[in-house]
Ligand SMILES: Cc1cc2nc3c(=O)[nH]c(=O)nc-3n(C[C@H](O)[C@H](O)[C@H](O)COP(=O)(O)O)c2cc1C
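Below you'll find only one chain, the form predicted alone, shown as structure tokens.
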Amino acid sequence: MRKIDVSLTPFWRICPPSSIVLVTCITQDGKPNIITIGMNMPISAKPPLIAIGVSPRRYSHRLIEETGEFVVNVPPKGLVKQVILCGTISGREHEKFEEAGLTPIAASKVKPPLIKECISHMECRVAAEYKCGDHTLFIGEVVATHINEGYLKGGELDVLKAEPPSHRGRYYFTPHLIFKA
């Protein structure tokens, strides 16, 4: 098959879909915020580390830098509308929990809240941050994890039950065809 060249901007449009998470953060005076993140991945088991990419233009970027904490919340497919809303409005002008109809619940080790309607949660403290082009890569040390009862299968998230959304461009996907290794 013949290969064709495409524009580098935006290059990620030819990448496969990436998982979507809702990251919660908090102001120093306790106001919670949510940002939709497609740039996320676990990067170490010992110590447990997860990376998220956040543009410095985003309100959440400042909150994570100031407090040094965030929570990675994994939404089920039923929250796609909320995922889109939280990714298209700014917490500078909007109360995202209220507008998205989501419920903040207290985390066990960090100040930002968990999102009750999400399936699993990773409470993080910033271990490092790196400027990477037009984004900052925040490396979070996972200090506590939680998952809804009934969503663990063989010690890991049951993706067929949870159907966490992935995204590429204007399209959102959920797992419906899985090949087990």
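A residue's number is simply how far along the shown sequence it sits, counting from 1. What you are looking at is a predicted structure, and each value in this text was computed from that prediction instead of being measured.
If you look for the form predicted in complex with the named molecule, you will not find it shown, but the lines that follow are about it.
- The shortest heavy atom separation between T145 and the named molecule in the predicted complex exceeds 4.5 Å.
- The closest non-hydrogen atom of S44 lies beyond 4.5 Å of the named molecule in the predicted complex.
- Within this chain, T103 is remote from the site of the named molecule in the predicted complex, having no heavy atom within 4.5 Å.
- By the criterion of a heavy atom within 4.5 Å, T36 is counted among the residues contacting the named molecule in the predicted complex.
- Of the candidate stretches 122-130, 147-155, 65-73, 27-35, only 27-35 contains residues with a heavy atom within 4.5 Å of the named molecule in the predicted complex.
- Residues C86, G87, T88, I89, S90, G91, R92, K96 are the members of 85-101 with a non-hydrogen atom no more than 4.5 angstroms from the named molecule in the predicted complex.
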